[in-house]
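Shown next as structure tokens: one chain only, the form predicted alone.
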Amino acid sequence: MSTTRKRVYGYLAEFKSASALYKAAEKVRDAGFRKWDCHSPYPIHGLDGAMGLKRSILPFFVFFGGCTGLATGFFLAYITQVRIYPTVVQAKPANIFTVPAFFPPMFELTILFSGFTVLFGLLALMKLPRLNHPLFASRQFHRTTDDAFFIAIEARDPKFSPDGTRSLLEEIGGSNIELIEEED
């Protein structure tokens, strides 16, 4: 006897074409759902707008990561070459007016911190690493990399109801509507 409990992840509905998926995404957006996603075998121009997605906050993270790297590079070069080990280059002491000599470490640390911010920001925003996704348990979801178009609406959306969400997906042209469950 199995003791695993399952909870509802959401509904997965298939659409016939990219244009049908686009129109259905507009209707799901207009219905007020927040936790849902579209899956297609290729990028669909304008689908982000049809879904009502806002611009990502990742560029702001990268900007502040780069600024942190720039400041770290400056203070690292200044502290080591001016304060701890005063450096004399071509009979001139390093000081605040010799900032161009600090540019290489400032540039390198700006790039390094920006790169780390992109990596860890993406992992955090995409909630990775995740070993398995409930949609992978679907009997039809593997076709999304080949020839199928899907909308998945999650059960944790405040507007989700088992009957109402299913009827909405049927009204907007969804077929092969499947209830997806995940193990607790």
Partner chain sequence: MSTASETNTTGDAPKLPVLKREKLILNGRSYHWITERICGVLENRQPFLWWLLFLPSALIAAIGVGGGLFHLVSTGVGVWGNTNRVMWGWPIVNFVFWIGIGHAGTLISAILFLTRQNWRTSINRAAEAMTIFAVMCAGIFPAFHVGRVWMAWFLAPIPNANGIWQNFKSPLLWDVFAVSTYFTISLIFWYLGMVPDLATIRDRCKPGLRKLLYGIFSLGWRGGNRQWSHYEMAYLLLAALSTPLVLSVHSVVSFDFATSVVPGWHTTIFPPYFVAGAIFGGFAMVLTIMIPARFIYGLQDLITMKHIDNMAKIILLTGTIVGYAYLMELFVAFYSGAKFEMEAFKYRITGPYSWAYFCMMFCNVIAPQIFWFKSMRENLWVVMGVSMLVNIGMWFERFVIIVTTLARMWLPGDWKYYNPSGQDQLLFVGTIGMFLTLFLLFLRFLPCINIAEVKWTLPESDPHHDDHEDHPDEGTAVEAAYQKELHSPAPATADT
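Positions refer to the first chain, counted from 1. Just so you know, these numbers come straight off a predicted model, no measurement behind them.
Below, we turn to the form predicted in complex with the partner chain, even though it does not appear here.
Chemist: So which of Ala137, Ala31, Cys67, Leu58 reaches within 4.5 angstroms of the partner chain in the predicted complex, heavy atom to heavy atom?
Modeler: That would be Leu58.
Chemist: Contact between Tyr22 and the partner chain in the predicted complex at 4.5 Å, heavy atoms?
Modeler: So Tyr22 counts as contacting the partner chain.
Chemist: Residue-level question: is Ile84 within 4.5 Å of the partner chain in the predicted complex, judged on heavy atoms?
Modeler: Looking in the predicted complex, residue contacts with the partner chain include Ile84, since a heavy atom lies within 4.5 Å.
Chemist: Test of understanding: in the predicted complex, would Cys38 fall inside 4.5 Å of the partner chain by heavy atoms?
Modeler: Residue-level check for Cys38: yes, a contact with the partner chain.
Chemist: For Ser17, is any heavy atom within 4.5 Å of the partner chain in the predicted complex, or not?
Modeler: Yes, Ser17 sits close enough to the partner chain in the predicted complex that at least one of its heavy atoms falls within 4.5 Å.
Chemist: Could you list the residues in 72-93 that come within 4.5 Å of the partner chain in the predicted complex, counting only heavy atoms and keeping sequence order?
Modeler: Result: Leu76, Ala77, Thr80, Gln81, Ile84, Tyr85, Thr87, Val89, Lys92, Pro93.
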